[in-house]
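Next comes just one chain, in structure tokens: the form predicted on its own.
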Amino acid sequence: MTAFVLRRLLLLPLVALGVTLLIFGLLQMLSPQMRAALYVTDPRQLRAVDSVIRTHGLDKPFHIQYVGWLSRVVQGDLGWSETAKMPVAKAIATFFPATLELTMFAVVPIIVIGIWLGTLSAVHRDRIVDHFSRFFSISGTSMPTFVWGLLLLMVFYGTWQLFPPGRLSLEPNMYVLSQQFRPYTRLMTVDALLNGQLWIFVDALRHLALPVLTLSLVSCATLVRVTRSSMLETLRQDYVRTARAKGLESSIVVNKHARKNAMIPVVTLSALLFVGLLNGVAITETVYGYPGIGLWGVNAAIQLDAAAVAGFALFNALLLVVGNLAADVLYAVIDPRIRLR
């Protein structure tokens, strides 16, 4: 397995090179004046945009421009984001912790409930729990994410005033921005506890509740369908029938023999769901005004912020490659018959 992981890690630069070529090729559709933001670290430099174009050769052939841009990317210089009013690299570091925090709270119920309900549905096929599972998965996947978000927002905030949008209420936010609060990790719930401010921790949880519930409804519904389908196929296998014929308890047959062998497609989907959450769930963050990396990416695209869009795309591509590598490694952990060479 170690050799396999090392080979995949060695392939990362080649994949990254292909991604950068694709992204920079698409950026060529923009004018040199719009692409100039990729090469500055201060908006005042854009006042002399013609000088930036000449200095960085934005009017030269593609390969010359690409090499110059790639050398800056390797050094962590992704340009200036007019949307965030800061360098792109700093914007990613600023907005990603909020999305990471949302992902940490959402991924556990998605995976636990998805696998549990999908397994239960397959074991009790055509019974009440199976009918409920299918209704849940169909309703969860058929309704768009923004519809779920707006419905939950109208009920839990508009009617009951329980779970507000955003990341913090006004008073906690003012305290967080003061010098009395130290941002150790930029994860609001964690930093609140580290600063001994339980009231900020509770307020952060109230703001996380609806985004987490929305993501859980949509993503968990998809995972339930995949788990149920994979479990049904596994339960029909001869080795499962043999285990039942030997008189083994149903729980042992399901948990030890069937579920472990049905987990490979589930692991693939779980890894992709996790990476998708880390990439920034743009619709959910937009509906709730949650200041994560997805909301920043949406605003950057709307405002034609070329540097921010390019940095956002590069960051997403890196997460996707790492997520696929993690999924491949988990295959061998779950199923010892798979040998990664």
Partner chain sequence: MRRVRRQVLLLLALTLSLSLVGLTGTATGQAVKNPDTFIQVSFGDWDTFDYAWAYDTSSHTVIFNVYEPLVAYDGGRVDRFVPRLATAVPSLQNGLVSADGKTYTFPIREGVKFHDGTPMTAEDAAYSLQRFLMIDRDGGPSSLLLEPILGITKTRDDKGNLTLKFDDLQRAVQVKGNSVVVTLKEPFGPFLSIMALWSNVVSKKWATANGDWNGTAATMAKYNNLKKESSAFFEKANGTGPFKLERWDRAGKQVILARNDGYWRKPARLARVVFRSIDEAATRVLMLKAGDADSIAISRREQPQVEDDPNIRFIDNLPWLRTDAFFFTVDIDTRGNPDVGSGRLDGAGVPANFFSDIRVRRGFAYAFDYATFLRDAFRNQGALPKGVIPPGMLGFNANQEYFIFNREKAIAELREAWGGQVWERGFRVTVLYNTGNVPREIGARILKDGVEALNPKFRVDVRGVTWASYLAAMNDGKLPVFWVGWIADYPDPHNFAFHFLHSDGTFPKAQRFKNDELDRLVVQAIKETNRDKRQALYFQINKKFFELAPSVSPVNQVVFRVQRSWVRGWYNNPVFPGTDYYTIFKG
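Numbering follows the first chain given and starts at 1. Small disclaimer: the values here were computed from a predicted structure and weren't measured. So that the term is clear: the rigid core is the largest set of C-alpha atoms that superpose within 1.5 Å between two forms.
A second form of this protein, the form predicted in complex with the partner chain, is not displayed here; the remarks below concern that form.
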- request: Find out whether any non-hydrogen atom of D42 is located within 4.5 angstroms of the partner chain in the predicted bound form, and reply yes or no.
  value: yes
message: So, R47 and the partner chain: in the predicted bound form, are they within 4.5 Å at any heavy atom pair?
response: yes
field: Touches the partner chain in the predicted bound form: Y239 (any heavy atom, 4.5 Å)
entry: no
query: Using heavy atoms and a 4.5 Å limit, would one call V52 a contact residue for the partner chain in the predicted bound form?
result: yes
query: All three of V108, V190 and N195 touching the partner chain in the predicted bound form at 4.5 Å, heavy atom to heavy atom?
result: no
- request: Name the single residue among T83, N261, T99, S216 that comes within 4.5 Å of the partner chain in the predicted bound form, judging by heavy atoms.
  value: T83
task: With the partner chain left out of view, choose which of A89, L150, M104, L248 has a non-hydrogen atom within 4.5 angstroms of it in the predicted bound form.
output: L150
Members of 102-123 lying within 4.5 angstroms of the partner chain, judged by heavy atom, in the predicted bound form: W116, L117, L120
- request: Could you check whether the CA atom of L27 moves 2 Å or more between the shown form and the other one, using the rigid core for the fit?
  value: yes
message: So, superposing on the core, is the move of L58 at the CA at least 2 angstroms between the shown form and the other one?
response: yes
- request: Align on the rigid core first; then say whether the Cα of V287 has moved by at least 2 Å between the shown form and the other one.
  value: no
- line: Assert for A93-D42 (C-alpha, 3 Å or more) in the predicted bound form vs reference form: pair farther
query: G289 and L38: do their C-alpha atoms lie closer or farther in the predicted bound form than in the form you see, with a change of 3 Å or more?
result: closer
